[in-house]
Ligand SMILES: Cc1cc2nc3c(=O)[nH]c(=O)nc-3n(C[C@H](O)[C@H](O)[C@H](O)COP(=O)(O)OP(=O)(O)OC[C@H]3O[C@@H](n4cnc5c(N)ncnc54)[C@H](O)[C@@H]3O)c2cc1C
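Just one chain follows, in the form predicted on its own, and it is written as structure tokens.
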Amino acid sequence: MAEEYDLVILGGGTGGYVAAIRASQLGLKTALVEKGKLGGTCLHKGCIPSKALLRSAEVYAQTKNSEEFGVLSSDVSVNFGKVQERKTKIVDQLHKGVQHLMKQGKIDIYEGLGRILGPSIFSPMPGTISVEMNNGEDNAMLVPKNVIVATGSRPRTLPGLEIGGNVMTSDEALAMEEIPKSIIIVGGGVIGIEWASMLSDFGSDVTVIEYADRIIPTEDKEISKEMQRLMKKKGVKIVTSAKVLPETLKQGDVVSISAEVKGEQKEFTAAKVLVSVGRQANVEGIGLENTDIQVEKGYIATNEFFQTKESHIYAIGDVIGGLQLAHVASHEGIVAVEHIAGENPHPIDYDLVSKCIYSAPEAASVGITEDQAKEKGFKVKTGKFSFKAIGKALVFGESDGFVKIVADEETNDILGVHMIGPHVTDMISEAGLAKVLDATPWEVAHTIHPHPSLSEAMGEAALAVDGKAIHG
């Protein structure tokens, strides 16, 4: 027998379960279909477990250097089994929290593989969801008025570079039982740099091979340059403008692989290889071929309210490309649900989205880079302020890095804010709010920042835009 719903969501990751909660709040009878665990990649294979490991690496690195703070310690070591136990405990606690939210919202959960059917006896339109459960032993038919596809993404690999043995993606790396003595990380983007930072702090000999001419190439050039300097300072070897040659991979006691670096072929060897070259959308096996939904360059095409070509079927999160971030998927889910419910939501302005890198040091940004601003025709002015002049940073023992503000010289509007240094992933929200409110550097500068605090760097950078920094 078919069950009718106002909304069925395919995928219980961050975007999917947040959309389900908002739908429940708006009185929509909602079901969520998830083949794995509620919480999806972010909770189980991404944001949360990787940040738990990063925190353990940070504590270890700080403890080794505790004498700088007058705290004497000796024989500091890592019990990686305990590190993994802590990670699992955090994930399990949050998983239970998501399950509780689903019960609280009276959201029906179907554990299984959902597929979109074409027009059938259940509905004249495509959109009926067939759910295969218990390894194919059971099947449920869900007939919704609307569907949200939130099937997420998985790690991408290079053509010809097989995953297995000592060659991993981030999925396999999260389950490592011991810290590798050495590792080659293919890809110097956000995920690659987070892993490089973590494993280096745990004591691995890390080499990063990046195809572009700089690491974290989507960030402001000055942030990339500073990140590269600080990664090298902690012992990470970084090779840029390098094309990895998958056919040269050899596995044995060690793994070796070659790359073409500025016209010259070089061989690299390590105990492990981590492939971190982005993520690809999960668009296969969910029945898109039974609809008129368009897939462009591997991603589902939508309008600004996340409707596909089938107006009653929406898509959100990593499966539509763009900024593949958990907080973006959540807000896309909210906008999609509110559009379904006739709430007239505002489309998302992606220039207002804060982006974070949780390495040591951290990096964060909102808005456009200085180069992007110039390419768009803006006459720009910038202000930059170093954490070396911030008392709280010196107290922390983490004074590398800076805050940079890019502003429009004609209107004085803030175009972008870029940070690298201690706890900037928490500080970036002030910049995000400034962007939402269309603030000027003057307004940020005249917000009285507490002393001593790291946030003073934001106020000083805002003053520096017009050459008025007090402490720099």
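Note that the structure is a prediction, hence the values are computed from the model and not measured. Don't overthink the numbering: it's just position in the shown sequence, from 1.
There is another form of the same protein, the form predicted in complex with the ligand; it is not shown, and what comes next is about it.
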*Quick one: from 47, 433, 59, 28, grab the residue that has a heavy atom within 4.5 Å of the ligand in the predicted bound form.*
47
*Which of these residues, 391, 217, 112, 105, gets a heavy atom within 4.5 Å of the ligand in the predicted bound form?*
112
*Counting only heavy atoms and a 4.5 Å cut-off, does the ligand in the predicted bound form sit next to every one of 421, 427 and 459?*
no
_Can you tell me which of 226-234, 367-375, 318-326, 95-103 lies within 4.5 Å of the ligand in the predicted bound form, counting heavy atoms only?_
318-326
_Distance check, residue 281 to the ligand in the predicted bound form, heavy atom within 4.5 Å_ = no
_Residue-level question: is residue 42 within 4.5 Å of the ligand in the predicted bound form, judged on heavy atoms?_
yes
*For residue 20, is any heavy atom within 4.5 Å of the ligand in the predicted bound form, or not?*
no
*asked:* Is residue 152 part of the interface with the ligand in the predicted bound form - any heavy atom within 4.5 Å?
replied: yes
